[in-house]
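Next up is one chain by itself, shown in structure tokens, the form predicted alone.
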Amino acid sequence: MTNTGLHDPRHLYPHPPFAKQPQAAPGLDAKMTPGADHGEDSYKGHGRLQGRRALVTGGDSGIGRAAAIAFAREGADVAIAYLPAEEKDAQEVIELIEAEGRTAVALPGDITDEAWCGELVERAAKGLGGLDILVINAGHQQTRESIDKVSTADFDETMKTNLYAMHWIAQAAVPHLPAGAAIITTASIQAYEPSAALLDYATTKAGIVAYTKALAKQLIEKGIRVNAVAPGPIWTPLQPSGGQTQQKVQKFGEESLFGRPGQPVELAAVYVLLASQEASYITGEVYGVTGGRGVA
């Protein structure tokens, strides 16, 4: 018997080898070959976030883009934070959110600036008329072959983007969040299986796991849930724009049990679940979406 609703997950999306495709950081989805699936045509909403108000950092591309699209299709108004250099990708997301009849708020700026982190939260809350979903997703990743190649400036940028900004944004957002609200952070399999060439990045991802679990214990006293998603190899601009060597980009994802990288849309439903009332008894958890590699 066959069921046209079923598809072999190993063959849903492209497999390596991929072409070399160097980009300057932070990279653009529009320049990726093959293009990534963020749910533009594939994600169907079911009203699970009707009337909700979400802020997604890194919402222009990759996993953040997929979450923003899914939230809008589930009925939420969405603000996206991104770097000014990512405006082209961001405007595509704004149009997709508005196409669902939802309010979209664009927030270009640099989250390594503490003052901007506070301001972007205030602008999001004002533009959306409140805030009850926060996705802290924006990240910085640059491959470095050895410890002597990780400069203080490199280390500082990774820490500020991935850890400091998470703290500054969460700190600014909590006063806006009512009971029933949800915070979702983006960790990584790198928190559990760190790659030698991602020393600083892996360190921050382990920190995100610890921070998420500690914050969950604090905020449940306010009725706010806090969880993390830990992706494995996902096809995003983070990889060709310096997150991996071009040799590794060509083989990206082949080590997963699927023999391919995941697509951003394959994480979207997890973010929707954790944001929704269906996850009312879930906090302090880390959800792995790793292509079978698991998280400890």
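Quick caveat: nothing in here was measured; it's all calculated off a predicted structure. Position 1 is the first residue in the sequence shown; the rest follow in order.
Beyond what is shown, the protein has a form predicted in complex with ligand NAD; the following relates to that form.
When ligand NAD is considered in the model of the complex, residue 61 lines it closely, a heavy atom lying within 4.5 Å.
Shown alone here, residue 86 lies within 4.5 Å of ligand NAD in the model of the complex, counting heavy atoms only. In the model of the complex, ligand NAD sits beyond 4.5 Å of every heavy atom of residue 142.
Within 4.5 Å of any heavy atom of ligand NAD in the model of the complex lies no heavy atom of residue 265. Contact with ligand NAD, judged by heavy atoms within 4.5 Å in the model of the complex, is confined among 145-153, 213-221, 126-134, 76-84 to 76-84. In summary, among the residues 193, 119, 98, 110, the only one with a non-hydrogen atom within 4.5 Å of ligand NAD in the model of the complex is 110. Taking the partner from elsewhere, every residue among 232, 239 and 252 has a non-hydrogen atom within 4.5 angstroms of ligand NAD in the model of the complex.
Within 4.5 angstroms of ligand NAD in the model of the complex, the stretch 193-209 places a non-hydrogen atom from each of 201, 205, taken in sequence order.
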